[in-house]
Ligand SMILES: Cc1cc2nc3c(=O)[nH]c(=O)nc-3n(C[C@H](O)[C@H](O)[C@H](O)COP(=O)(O)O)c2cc1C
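Single chain ahead, by itself, as structure tokens, in the form predicted on its own.
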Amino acid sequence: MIIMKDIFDECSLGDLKLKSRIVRTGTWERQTEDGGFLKSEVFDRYEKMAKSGVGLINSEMFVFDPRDRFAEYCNNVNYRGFVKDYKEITDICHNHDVPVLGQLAFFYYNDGLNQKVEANDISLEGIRRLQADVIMAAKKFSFAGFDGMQIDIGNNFYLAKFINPYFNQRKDQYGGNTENRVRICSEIIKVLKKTMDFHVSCRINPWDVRKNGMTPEESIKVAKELEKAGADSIQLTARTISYLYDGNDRNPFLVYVDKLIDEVDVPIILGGSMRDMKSMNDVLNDSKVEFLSMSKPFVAQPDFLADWKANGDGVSICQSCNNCYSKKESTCFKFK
């Protein structure tokens, strides 16, 4: 007898118990007062998401340097009210039995000498400083009640470039083969898993379009190195390609994710342009995928999953206009 998967299945993501297979992934945070303190709208948004039927919440992106490229559109793990504000946020999620991860994403890194030091130029001392900053951010996430953290090693963020052979031409133990290029992340993960009871998720790209850059084969090698270091889950980020099956040739993103799932033993979360319950259930049952990530639909309507669960079907009101992302807002321009 074949058991069909459904987005609202109760399941486990590593050590986390989920009420559904849906992972909410945040992007920008603009609803803050002077100094970074959260406005009441942020608490309301998390309340709506947490009680809607979501399985796991990834926070909006955090930076740790106020001069980062996206610092104006993100919150900062170092602002004065961080632990107080986000302990209230995590309590809201936990009151609805929803685990929540803090998402760390930085585009630049300041090594103390250069505000925008490149992967090829950062010294070993600078690498140690970077690793310490990430570990300290994880400690602060823990103090604020987060169940873990997601380290963004995808898109074009700093660590994504560090592990990418297109950008990294170092000649030392942090450059060259896959193991060396991923070492900066592997060492962070090993420390976190050794010192904290913390879920560590990594967000990676399946490939890019650069010559001598990230290929699907190389991306799988990266995932295996992250798993070896102790990562608890891996999330794929689909920047410009929709993975939805169109009834004709199978989308290469789904082919890739099935191959990746065969190669690693940690849970894989598939991201992309998910907008309706039927297509999402089709992906779950036509592939080896167990978990699906959504972002912009939660911006358009934070509690839409409640309607989907009640009706047994549904389509997001999000029209994929991408204004919330491109204009770096945490609210929808069309459905405010």
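Keep in mind the model is a prediction, meaning the values are calculated, not measured. Residue numbers run from 1 along the displayed sequence.
Just so it is clear, the following notes concern the form predicted together with the named molecule, a form of the same protein that is not shown.
With the partner omitted from this view, the residue of Ser287, Thr27, Ser52, Thr32 that lies near the named molecule in the model of the complex is Thr27 [heavy atom within 4.5 Å].
The stretch among 307 to 315, 290 to 298, 40 to 48, 277 to 285 whose residues place heavy atoms within 4.5 Å of the named molecule in the model of the complex is 290 to 298. Although the partner is absent from this view, Asp68 stays clear of the named molecule in the model of the complex, with no non-hydrogen atom inside 4.5 angstroms. Contact annotation for Gly272: at least one heavy atom lies within 4.5 Å of the named molecule in the model of the complex.
The named molecule in the model of the complex comes within 4.5 Å of a heavy atom belonging to Gln103.
With a 4.5 Å cutoff on heavy atoms, Cys324 counts as touching the named molecule in the model of the complex. Annotation: in the model of the complex, residues Glu60, Asp152 and Glu329 each come within 4.5 Å of the named molecule through at least one heavy atom. Annotation for 191 to 206: the only interface residue with the named molecule in the model of the complex is Arg203 [heavy atom within 4.5 Å].
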